[in-house]
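Heads up, the chain below is alone and in the form predicted on its own; it's given as structure tokens.
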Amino acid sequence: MRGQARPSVSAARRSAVSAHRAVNVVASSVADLNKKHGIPGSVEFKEGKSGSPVVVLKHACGASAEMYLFGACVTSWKQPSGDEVLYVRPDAVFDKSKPISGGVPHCFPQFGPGAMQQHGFARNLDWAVSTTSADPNPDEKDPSVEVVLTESDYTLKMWPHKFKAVYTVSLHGEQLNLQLRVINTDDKPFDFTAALHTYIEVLEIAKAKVTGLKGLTYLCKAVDPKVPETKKEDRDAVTFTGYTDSVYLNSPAHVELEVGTGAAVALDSTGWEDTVVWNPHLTMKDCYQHFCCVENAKFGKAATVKPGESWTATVTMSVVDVSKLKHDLECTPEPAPM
């Protein structure tokens, strides 16, 4: 039709060549990663959704974990039975147009809203593979991968500091271990807040509950995240009947999320001083029933790192059988009177 541009053959060829090159770049990248860092049977790199590189950790016991290098986001942690522990939202995208919604996204160097973009920039960038290993420990191999993120023109515009973030993901048997180390490579100190925004799959949110938080002061961000209300937790277990967004300050090292199946996910941490509990309720009608976020955070008091020094935090996640524990406690006879 007159006045309507027709696509040229050369333009179509250029588009096809461009797409072919993109696929080849990813394939080459994955091949190079496997050649340099792959460990047969323990650490493997593959092409994930939208062509993004993924590292896969496999333990001899049958447990596995997967992490996208974009955002250093762990998107899968499976037990030897094949049961998935983490949750990825159905609206998650993997084309790098936005952070991956699910798994264990990073919040760094800012948790929540603030001077820069929501939850900072670490979840929006590609992390580089530093090392991998699968050392005997002592009789079986624990697969691990270490990735790093450093400053760039993009980050310096938001946060004017030179840094090196080192993130180590490993499997110890059925357990998932995560360690974040932030090194100050600048000539001046800097402050930051951070969190691991862990999404955990639950049978049904109404049956889920978080234990280990009773008696703590918490910031309720449900009404206004910028001006949270300070409250004290008086419940033995945090349950979910509506929108929940709470930051528990100075939380214990051990917290559990009972997922409604008789199992719980235990989070044992060091360095992370706070715990965030979040469920979007009806603001995400398509998926809120199926997950709960229990996040290890450094928020109530920002971390301060001097030049040449570092800050480190860890979390070990385990699946525990709470139904058996409760049964054993109920069946334990009371001690005979003296």
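A residue's number is simply how far along the shown sequence it sits, counting from 1. Nothing here was measured: the structure is a model prediction, and the numbers come from that model.
What comes next is about the form predicted in complex with a small molecule, which does not appear here.
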task = Just one of 117-125, 201-209, 76-84, 249-257 has residues with a heavy atom within 4.5 Å of the small molecule in the predicted complex, so point it out.
result = 117-125
ask   = Within 4.5 Å of the small molecule in the predicted complex, heavy atoms considered, which of F111, Y167, F163, F94?
value = F111
ask   = Of the options E174, D245, D268, E146, which one has a non-hydrogen atom that comes within 4.5 Å of the small molecule in the predicted complex?
value = D245
task = Report yes if any heavy atom of E295 sits within 4.5 Å of a heavy atom of the small molecule in the predicted complex; otherwise report no.
result = yes
message = I'd like to know whether R89 contacts the small molecule in the predicted complex, with contact meaning heavy atoms within 4.5 angstroms.
response = yes
ask   = Quick one: does L57 come within 4.5 Å of the small molecule in the predicted complex, counting heavy atoms only?
value = no
key: Distance check, W278 to the small molecule in the predicted complex, heavy atom within 4.5 Å   = yes
